[in-house]
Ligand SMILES: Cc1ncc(COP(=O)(O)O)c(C=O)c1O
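Here you get one chain, nothing else, as structure tokens; it is the form predicted on its own.
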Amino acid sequence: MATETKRSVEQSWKLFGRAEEVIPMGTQTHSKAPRSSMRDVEPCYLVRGEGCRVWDLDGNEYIDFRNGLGPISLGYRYPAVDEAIRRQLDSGIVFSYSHPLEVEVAEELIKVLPCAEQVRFLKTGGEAMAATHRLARAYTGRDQILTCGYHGWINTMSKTGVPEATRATYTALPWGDKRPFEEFLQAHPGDVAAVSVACSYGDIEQGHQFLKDLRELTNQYGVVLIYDEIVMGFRLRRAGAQEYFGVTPDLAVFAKGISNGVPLSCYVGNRAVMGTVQEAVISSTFGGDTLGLAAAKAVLDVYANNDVIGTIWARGEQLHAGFNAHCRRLDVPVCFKGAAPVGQLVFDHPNSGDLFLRFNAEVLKRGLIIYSVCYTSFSHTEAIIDSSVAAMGASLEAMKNDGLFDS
């Protein structure tokens, strides 16, 4: 795999041309949009997955470290999950009243999530984060939300299309330093409903002190502490950051890995805050569809009976160590930073954006799909990581030979 293979993505780009006529941006997800600078090598469409491998519309095979942008923690078409979905499909998907799976999965989640006294289900992480913000406002009677990190498009206030009055109720503050949060809370006593935080990737270990500081501050000022566990849950630990760092929030959101790719999210938390949902009116027809819940129940069982977290960590550590060794050997300013299951690929160079794109192109030629955060899964084996590291090293070497790291 370390060598280039001749690949064509012609059919992918032909279909993408059709897509642009009928779909804005040609895709539903910004991060899945193909890049014109890699037109000769980047696929626009994937049509099949198995374990840690995917195949594109043109029939090319890849080892995947994007994993559907994070949800695939066990592997594509993981048998226990797919079998659970098929069994439930025979009985139905959505009904006119709730399904028993809602109770069963909620009870299982309460057993493994420290902050969870009650659970409610939705479909996407972003809408579940928006739900927690509404609950915090309903519970406290305050409007302001202090955010740290990305919480999905619904909660992104920095782009166009957001009314100024709405934007004014959100303040984004940086990861890792309690001082901006403390200063805001001191300056606006009684105004802040919640501090809503998603872990940084490269600097994640700062969370040991930072999340402890936020817990103390929110307790002091009567503010709801919310964790965005959409990525970290079922990857960093089963219960995500709250388990890894040992600091319990009032509310949290889980999605992505909770159901190994089937759309499902949940917002969980203490009984007092969750109890405001009736007055706040958070309700969705598809909040309890059975396929997502069947998948989640199977995922919870797999995690309970297998060392999924240990395997994801081990493969991530192997990937980081092997790749970073190539970077040192070639003396290039590139490395993986952060925790092994959610390692951030960093190019410390003035032309970091161009270098990242070129690296993407080089590894695609060698049968790898990567992302700014490279996710290992339960289906990545030691041998697959070894071959992937070799391909990454060969890609860096090709770039160095072309003088791309010269400054």
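Residue numbers here begin at 1 and follow the sequence given. As the structure is a prediction and not an experimental result, all values here were calculated from the model.
What follows is about the form predicted together with this ligand, which we do not show.
S.K.: Of Leu74, Val231, Ile204, Leu293, which one comes within 4.5 Å of this ligand in the predicted complex, counting heavy atoms only?
M.R.: Of the listed residues, the single hit is Val231.
S.K.: Ok, Ala116, Ala198, Ala241, Leu319: which has a heavy atom sitting within 4.5 Å of this ligand in the predicted complex?
M.R.: Looking at Ala116, Ala198, Ala241, Leu319 one by one, just Ala198 meets the 4.5 Å heavy-atom criterion.
S.K.: In the predicted complex, which of the stretches 106-114, 86-94, 143-151, 188-196 has residues with heavy atoms within 4.5 Å of this ligand?
M.R.: Among the candidates, contact is made by 143-151.
S.K.: Tell me, yes or no, whether Lys256 is in contact with this ligand in the predicted complex, where a contact means a heavy atom of each within 4.5 Å.
M.R.: It does: once this ligand is placed as it appears in the predicted complex, Lys256 has a heavy atom within 4.5 Å of it.
S.K.: Please determine whether Gly269 contacts this ligand in the predicted complex, using a 4.5 Å cut-off between heavy atoms.
M.R.: Because no heavy atom of Gly269 falls inside 4.5 Å of this ligand in the predicted complex, the answer is no.
S.K.: Would Gly126 show up as a contact with this ligand in the predicted complex if we use heavy atoms at 4.5 Å?
M.R.: Yes, Gly126 is a contact residue.
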